[in-house]
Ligand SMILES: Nc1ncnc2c1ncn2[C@@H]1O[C@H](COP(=O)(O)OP(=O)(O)OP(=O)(O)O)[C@@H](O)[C@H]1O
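Just the one chain here, the form predicted alone, laid out as structure tokens.
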């Protein structure tokens, strides 16, 4: 089976989707094949890759289309997408209302059913608790938690760590966890102080903390153009930082 990476936070605006698309593309540049699965109803993975959002998640889980019918090429060698849109939330509600085991359904559909397996499946998730987020966490070999270096983001980090602890207690989850500081601005005292708080929060938990991703206009511009940072500004600092993340992920999994 493919290795599964889930990018999750219980706070929005921390760089989840940016991390998903750049990690996914970065892995393909290291000759890996990747399927990105967008569980966020905003459908921004498709937008950031220059693809139109579609109800792919809904169509495969509720309309019972095959995975092959909903998967989309990204125009990048080795990178595919199962897109989502606002109907993703409807799919979650339908599965729960009909009594489906959401965790098992997600694993069977998006991890076990590939014909010609990718090396990696990467889930983007909504910041809401439960449902598809919990399912994507439960099947992950590695959970990456983007944590913006601001005060409120610390609460999102704490909440997700509690969710992972519950998964370990209830389902015996044995995946690994790593924290990725984002929107770091070393010239701002608050950003430096919050980075120290993040490091202190995870120090006792034996989790790695990846190299911080600095706040960068280039990352916003790249997403607006439907490009990854490796396409938009391949020699810039942000590309170097995401390239470092790719290597660290390969070491972790």
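Residue numbers count along the first chain shown, from 1. None of the values given here were measured: they were computed from a predicted structure.
Omitted here: the form predicted in complex with this ligand. The next part is about that form.
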property	result
49, 61, 198, 219 - the one with a heavy atom within 4.5 Å of this ligand in the predicted complex	219
Residue (of 78, 175, 127, 131) lying close to this ligand in the predicted complex, criterion heavy atoms within 4.5 Å	127
4.5 Å heavy atom contact, residue 209 and this ligand in the predicted complex	no
Contact of residue 213 with this ligand in the predicted complex (heavy atom, 4.5 Å)	yes
Exercise: residue 23 in contact with this ligand in the predicted complex, heavy atom 4.5 Å	no
4.5 Å heavy atom contact, residue 202 and this ligand in the predicted complex	no
Within 4.5 Å of this ligand in the predicted complex, all of 15, 42 and 223 (non-hydrogen atom)	yes
Interface stretch in the predicted complex with this ligand - options 50-58, 66-74, 187-195, 34-42, non-hydrogen atom within 4.5 Å	34-42
Contacts with this ligand in the predicted complex - residues in 164-186 whose heavy atoms fall within 4.5 Å	183
